[in-house]
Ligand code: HEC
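Listed next as structure tokens is one chain, alone, in the form predicted on its own.
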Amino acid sequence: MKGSSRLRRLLPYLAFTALALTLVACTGETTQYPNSTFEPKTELGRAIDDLWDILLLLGTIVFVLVELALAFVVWKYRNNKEAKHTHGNTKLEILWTMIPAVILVFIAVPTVRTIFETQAPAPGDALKVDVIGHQWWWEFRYPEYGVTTANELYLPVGRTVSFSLTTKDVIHSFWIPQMGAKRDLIANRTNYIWFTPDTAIAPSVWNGFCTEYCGTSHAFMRFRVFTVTPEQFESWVAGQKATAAFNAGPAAPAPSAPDSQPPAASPLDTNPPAQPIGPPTGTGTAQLAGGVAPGYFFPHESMPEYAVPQRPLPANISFTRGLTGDPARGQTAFMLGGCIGCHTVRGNPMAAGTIGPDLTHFATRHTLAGGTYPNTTDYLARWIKNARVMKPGSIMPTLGKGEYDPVLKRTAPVSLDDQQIADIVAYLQQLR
């Protein structure tokens, strides 16, 4: 009686918990759960989701039947004082062997069918994208267009995309939850995965992750996926194929968004509000098919909150208040400061490094440091000054004068003062 009384007292709490869990489970909006796998936007995601539904249904049926049988046995023999021992029952043994075998068949058939569907070769006309994992950032190459970018993946809706996945160092795992894409990147081996983004999701932004522990900054190895219309994709490709749009004078206002163009000279403050680099919608006057100007990239003002990094400015990296950067001096500092040894900038023949990300159109990107920070003036200045404090384990050297390098355990050997860094920031913000 004491036990049943305690159970009655617990029932209201159990009922409340069940109700709360039910209400939480019923809310499935993308804005609330942007990384959910239960709202697939590709045929690959739907195949996996359908398999999950089947296995969940079968598992639930088995669970309910087993629990009912157990409850029946417990209730029927509740008054038995002594169990009867029996030896051997051929029919019973055959029965409990056949039942799991039948269940496994029902599980195996849809599972094997889905495996064959998801492992089949991609269509011949699929867009090919080479995905290369680095500690800790993503490199994306479009071989048929000769385009290379970092941490931002543009995909045209309605066209199948075939990914080849490799790594430059340790094992990584490429995952876009809403696309249903998850596949490991293994050294000395190429893995493949393909899917077709639904036409209804353009233009949209999706989060991508590394989901295989790969070292100190594994949690900071992220990327963004932009699903755009075919016309927008062709415009983006045309802009990415061009050399960096840089001039040493004041930046001309964007034709379609004059207030969003970053100025040639960028004042830097120690504690200013973080304002994003406002991208224009086009960088040329020539028109592509569909009337879209070349040089499209996803407008910053349309970025959903879940796709914008929310990490605060690092408090332990100070910066001189009120500096104004000069892009012409910044280009010189970029070349003399060692940046050209790691980075490529097409149009600058001295910048041909391949260790770090290609920076040709850096100003069009929304994030930096492997999707960890927003690509703004203030974050960029501090990143250049001491990347290894902002992202532990980063191979980018500490460049700020007097800054302590946590990897070398000493003051940075390359010393750029705050004015030089401000100039480099101004230069990078003109690379469109």
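Owing to the predicted nature of the structure, the values given are computational and were not obtained by experimental measurement. Just count from 1 along the sequence shown to find any residue number.
The protein also exists as the form predicted together with heme C (HEC); that form is not presented, and the subsequent description refers to it.
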Choose from 333-341, 231-239, 91-99, 108-116 the stretch whose residues reach within 4.5 Å of heme C (HEC) in the predicted complex, heavy atoms counted.
333-341
My question is simply whether L359 lines the interface with heme C (HEC) in the predicted complex - judged by any non-hydrogen atom within 4.5 Å.
yes
Find out whether any non-hydrogen atom of N151 is located within 4.5 angstroms of heme C (HEC) in the predicted complex, and reply yes or no.
yes
Going by a heavy atom distance of 4.5 Å, is L416 a contact of heme C (HEC) in the predicted complex?
yes
4.5 Å heavy atom contact, A426 to heme C (HEC) in the predicted complex
no
The one option of V73, I355, A187, A120 with any heavy atom within 4.5 Å of heme C (HEC) in the predicted complex is I355
Going through 363-393, which residues have a heavy atom within 4.5 Å of heme C (HEC) in the predicted complex? Please give them in sequence order.
R365, T367, L368, A369, G370, L380, W383, I384, K391
